[in-house]
Every structure is written in C-alpha cells, then in structure tokens.
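Given next, in structure tokens, is a single chain: the form predicted alone.
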C-alpha cells in the first residue's frame, strides 16, 4: 500500500488529555482520522462530548472520560476506562498545560501558584506516564508524547516559574526517552508557540490592523494552528519516527531557531532587515 493511502494509526488505541479543545482537539481528531480509537480525558465533559460526537459522525471512534487530569486518582481511572472501551493503550498524549495561574514576578510570587503550575504542567505528565508506561514496556511497544512549550526551551522572563515547569517537561521527555528507547517505547514531545488555542486566543487578541505584522513576529509568516501541532504529534505517534527518542520538537514557525531575531521593514520603506530590536 502506498504511504499516501495508509492510515498511520490503524488499529492503535490513543488517549489525549485535554482533548476537548485547542491543540488537544486537533490531535484527537487527526489521530481518529488516521485510524486510532481515541479516549479524550477532559475536565469539560460537555465540550469534549462535542468533539467525540464529531469524530464518531465522521466514521471514527472516540469516547470521553470527564475528569480533571491533575487529580491523582484519575490516571488509574483513565487506564481502566480506555482498556474497557478499546483495549491496551498504544499512544499516550499528555497535552494538558496552562500558564495560569501566573506566578509572574518571582520576587513577589505566591508559592501556592508554584504548586498549581507544577500540577498543570508537570505533575499529571509524571502520573499519567507512570500509570501507562509499565504496560507498554511489558508489551514492548508504545508511544508517549508530552506537550510542553517553547518557553521550556528558552528563557521566559514574564514568568520564570512557568518556564521552569515547561523545561522540566522537556527534560523528563529527553531523559525518559533515552531510558526506554531500547525497550520498544518511544517518548517524545512537541513545544508549541504562537498557536491559536483555548488559552492563547490570537484570533481575538490580534486586531485586524496588526495582522500584517505576523511575518515580523514569526519567520514562517503566520500563527500556527491546532492542526499544525497535531500533524507533528501524528508523526511522533507513528512508525515514521521509530528512530527518534527523547526529542521535543518546537512547532513554532521558527521562533526558537530565529533566536530572538525578527524581520522588520526598514525606515522610510527601505528593504526588510533582520533585527533583535524590532520596531512595533
């Protein structure tokens, strides 16, 4: 069968946390379209139900477990639910994450916010992975994909605590990916930036008169979509990435590679130039 005719996840069982909207929704929909049976674990059960109804109506197979993935009891419940519905898990996508509640300026931050950010961005990744990894190792197959952020790959002065949490997710992915690489399980991740999502609503934040500035903010010239993130997650979930362990891919339109350099128009209509001090 030609690659273009194959569904990359035929026969696979996948679980996507936070799959009721944004990047998680895009991943759940694309995985289902590529043949996976998908369980969405989502705190907003009504929103997730709409996603699964759409998937099932299109001929896919999806179900919802309405639960808060930061609850320590949820990983075991999720494993029981997915195995009852679909069978042993092949692909785990730890997608849940948020920059809220902000810790902000570290010197005046509230330690309670540190713990909340940890649970949202790291704690559930550890617990969900700990729940499903033993079964994957016993079967000698499986894929885990952790969604972090480019803020875990570079400095993030607006909120150093959030940056540290995302960096922890990246380092966990790298270290565990190497630890289990020779045992049939792949652990990788994606690091989004400038992506339209539930938490970061660029469509609402960017006024029409500023849309022409996207090429000066992002080397690729536009904001990313949930589908852009989902396509990279699909690559990491499929056998196309079978020789890639422990990698977090920045799906960012080139913002990390640019290293803080931006393309701006020169003064008085002169040719565009790269600068690390963009004029807004």
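Positions refer to the first chain, counted from 1. None of the values given here were measured: they were computed from a predicted structure.
Although it is not shown, the form predicted in complex with a small molecule is what the next lines describe.
With the small molecule left out of view, the stretch that reaches within 4.5 Å of it through heavy atoms in the predicted complex is, among 190-198, 85-93, 176-184, 127-135, 190-198. Only one of the listed residues (63, 30, 67, 220) places a non-hydrogen atom within 4.5 angstroms of the small molecule in the predicted complex, and that residue is 67. Among residues of the shown chain, residue 23 is one whose heavy atoms approach the small molecule to within 4.5 Å in the predicted complex.
By the criterion of a heavy atom within 4.5 Å, residue 239 is excluded from the residues contacting the small molecule in the predicted complex. Using a 4.5 angstroms threshold between heavy atoms, residue 81 stays clear of the small molecule in the predicted complex. Contact check for residue 143: no non-hydrogen atom falls within 4.5 Å of the small molecule in the predicted complex.
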